[in-house]
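Below you will find one chain, with nothing else, as structure tokens; this is the form predicted on its own, and questions on how it binds or moves follow later.
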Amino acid sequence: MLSDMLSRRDALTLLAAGLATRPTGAAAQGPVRRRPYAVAHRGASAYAPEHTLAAYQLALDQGADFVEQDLAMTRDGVLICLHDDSLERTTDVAEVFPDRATTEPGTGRRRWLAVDFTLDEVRRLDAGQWFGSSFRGARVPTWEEAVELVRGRAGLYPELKMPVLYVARGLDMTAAWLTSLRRLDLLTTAAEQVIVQSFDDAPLRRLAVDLPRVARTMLVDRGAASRWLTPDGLRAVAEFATGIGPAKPLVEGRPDLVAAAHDIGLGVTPYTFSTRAPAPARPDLTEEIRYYLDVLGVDAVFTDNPDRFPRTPRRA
């Protein structure tokens, strides 16, 4: 058992360190190629409520190499694991705090923004019953709780989200996250245990200066593809990131994109591979992942189903 744990820890160190220490910019000579790896998207979120400790634990049990934590902030400046800016989709906040909603301009939709609640208030919410009665009572974890559960057993893959609302509230998520690394004694091991991601280039540019040894993934959706997934765009990304995380359809059938990214030192980690809607492009999820790994040559995948990641890919 001890030898297995050491082997797994060594493998994680190689994966993260190889990504973090590649040169960026025009001088890069391509990524250090290591075995492909699985990132548990919001934990094992096909089987447990996303961003709960239950989902993270299941991801570990299913052999995920990294576990993703989307980060939001509370009113009192605590980093919590939550995909949305608001709480109503994945908690019972509308029942617990019915009068605390804000009305979204333009749509009139009522939203319970996480930044309007203290950590103590967020801890009162049920984050599991929406997914299934067996998860009733699950809570929204803090980033610190996620770190304590995951580190040493898998890598951490936090996403820094920088919506205007945080700036408007005087909250600096990137600074709070950097401070947390010191408090959690992660600074000395972050290069081996952490890959940080964002759809916003601003925090990644900042971290390229403040924390250059940690791998940084620029996420790319359809709306940003024309900016970042061109030859000039990829070269721009390589100045502040070590990899790209494109939406899966943006990579489908495009080994040229993966090769172009690799040629300038960027790893490629598409999202999201899942048995949940939308349906996989191929009948079997494992075979779909194999196609991306073996034919398109991506380095890793975000998946809701870590147990479906092929542990013996055919790629040499």
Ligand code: G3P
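Just count from 1 along the sequence shown to find any residue number. Keep in mind that what you see is a predicted model, and the values were worked out from it rather than measured.
As for the form predicted in complex with the ligand, it is not shown, yet the points below apply to it.
A residue is said to contact a partner when one of its heavy atoms sits within 4.5 Å of a partner heavy atom; E159 meets this definition for the ligand in the model of the complex. The closest non-hydrogen atom of Y47 lies beyond 4.5 Å of the ligand in the model of the complex. Contact between S86 and the ligand in the model of the complex is not found at the 4.5 Å heavy atom cutoff. By the criterion of a heavy atom within 4.5 Å, T242 is excluded from the residues contacting the ligand in the model of the complex. With the partner omitted here, the stretch from 110-118, 194-202, 178-186, 142-150 that lies within 4.5 Å of the ligand by heavy atoms in the model of the complex is 194-202. The candidate spot formed by R42, D70 and F302 lies fully in contact with the ligand in the model of the complex, as each residue has a heavy atom within 4.5 Å of it.
The partner is absent here; in the model of the complex, the one residue of M173, L219, A190, A101 having a heavy atom within 4.5 Å of the ligand is L219.
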